[in-house]
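Shown here is one chain on its own, the form predicted on its own, set out as structure tokens.
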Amino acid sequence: MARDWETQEHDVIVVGAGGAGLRAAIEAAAQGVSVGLICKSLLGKAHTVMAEGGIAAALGNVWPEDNWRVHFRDTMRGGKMLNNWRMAQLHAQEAPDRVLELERWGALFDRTKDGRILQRDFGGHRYARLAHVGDRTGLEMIRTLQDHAIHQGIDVHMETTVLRLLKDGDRVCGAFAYRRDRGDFVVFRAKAVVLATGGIGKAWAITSNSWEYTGDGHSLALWAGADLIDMEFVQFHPTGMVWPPSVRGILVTEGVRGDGGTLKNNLGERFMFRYIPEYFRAETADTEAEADRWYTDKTNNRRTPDLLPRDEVARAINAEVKAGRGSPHGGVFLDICARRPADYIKKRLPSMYHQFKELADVDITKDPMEVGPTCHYVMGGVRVDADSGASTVPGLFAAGEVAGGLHGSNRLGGNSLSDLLVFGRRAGFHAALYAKDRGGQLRVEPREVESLAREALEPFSRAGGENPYAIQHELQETMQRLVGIIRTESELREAIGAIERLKERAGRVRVEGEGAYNPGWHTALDLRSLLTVAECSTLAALERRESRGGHTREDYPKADPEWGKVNVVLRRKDGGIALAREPLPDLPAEFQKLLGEPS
């Protein structure tokens, strides 16, 4: 196994090739700088593809009353007011332009009868706002961005995992990585780095996330000295597949409910009417009859409770299952066939139809689906400047799920794809400007690289040791059991103790074979970031003594106004992780008035 390394040099490197990474790379290249795009898997294999329902943007094509102010208000309310208001403002204002830009680049959207981009309903959005392509919107977005990116002269480094960011003094100066297909090390020298690595879902046992989502970007930023915020807020998407076991956790798009699907318990009841929070009741259909009228003719623009924000729906499903009213396999029923004809379902939701038919032998045009909460998204991430995407470390930027602030304590469905476009573009633009402004040669310390290489190879040299798969499995079960939808102080403290023991065991992992295509080695290296983000999430959840959005404490069941004014901030200190409570940015008076208005 080679212990030397190759060197690549770019003005800007982008780590992650999903929607945020591709959009950042495109924008940076447009500024005339050299760009390297690093992806852990193959180009096009990104979690953006899983965002099936649509891109949230106030185009006003279905409801002319919609505008960026309403979108801003929905986002802030959905996040329980813990959002960075400036990020929410920029997101709502710029999302329509980013969607139209995608269209100019060749994206094919579903259309209204008069030829405009069609928009569908989604949870927490007052108006039908999601531009979509059936239930394959993320796939179309990746296809469009990828086709556009490859014509910009961007160097793509596939099957490459970044293990550590490199610094010259206080500045980021590149990254140390390895090629998964060869086992070789590579040093990327760069004046600016954009993290677009996605989330942390593989720290939980039941998740919609694929193997890549091991919290790499969150950990890289923390290790480099950046701040993380809001790591306690983990979104459990209310509707993942629960049967058969081989596909448990795979996402069922919110578009099913947006197109008329309803949630029912084993008594056939539409149970969501029991769980309408007072905050939403004024704008929600209060009876099933009113919800039926809303679906059939849209004459009253009020919400059905099946489309409440995801945190509310996930907790309601969890409550029904605990009360013994769940489906046979531990979920609830999602029924669209009672409302929509087969041709409509196959046209509007082709992926969902084929997914259930092929993987679960369920025909959703005839039978309801069994669904339940699955770990899906983390609202927390790298603390960034709202306008530029810059972290607290010079030269380091972040965009997409790895960046915190926009979504507050709970993300509305559809806001993820527009987040990627809006802030991917901004991070790429400002990273390029930063790189242009910082001339001179950056110094990469060879001894640091040698030390990182030795550390990465250590699992091969141990005569005996721990199995990395066993540690990963125990971590996932620990997080699922103790840091899930409902948390308590005793269980969180138990989780912290378990994570500490797993960290000790991870330092003794052993793997065999060579570096090329060695999944055991890959897992051993991923453990570092998985354990780091699990610890961050658990520590932050213990610190926040209230329930808000994606964080529910059984021992503190209500939202506390004082906690609604602060972020929980995590940063490295003396080899460990330190926590601090720091105030949210002040909300301007004009937005205070807007958020206080009735819907």
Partner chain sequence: MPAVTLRVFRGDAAAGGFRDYRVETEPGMVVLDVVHRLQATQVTDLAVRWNCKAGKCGSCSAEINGVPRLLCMTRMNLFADGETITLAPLRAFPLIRDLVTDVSYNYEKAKQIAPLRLKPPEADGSYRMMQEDIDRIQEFHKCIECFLCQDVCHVIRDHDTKPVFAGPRFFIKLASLEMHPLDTRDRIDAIRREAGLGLCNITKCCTEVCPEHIHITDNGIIPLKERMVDEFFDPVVWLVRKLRGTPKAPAS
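Residue numbers count along the first chain shown, from 1. Values in this document were obtained by computation on a predicted structure and should not be read as measured data.
There is also a form predicted together with the partner chain; it is not shown, and the following applies to it.
Each of 52, 111 and 360 comes within 4.5 Å of the partner chain in the model of the complex, counting any heavy atom. Only one of 493, 116, 443, 329 comes within 4.5 Å of the partner chain in the model of the complex through a heavy atom, and that residue is 116.
Among 169, 324, 268, 106, the residue placing a heavy atom within 4.5 Å of the partner chain in the model of the complex is 106.
In the model of the complex, residue 211 approaches the partner chain with a heavy atom inside 4.5 Å. Among residues of the shown chain, residue 139 is one whose heavy atoms approach the partner chain to within 4.5 Å in the model of the complex.
Contact annotation for residue 41: at least one heavy atom lies within 4.5 Å of the partner chain in the model of the complex. Of the heavy atoms in residue 464, none are within 4.5 Å of the partner chain in the model of the complex. Checking 129-137, 80-88, 482-490, 190-198 against the partner chain in the model of the complex, the stretch whose residues place heavy atoms within 4.5 Å of it is 129-137. Contacts with the partner chain in the model of the complex, taken as any heavy atom within 4.5 Å, map within 144-160 to 146, 147, 150, 151, 158, 159.
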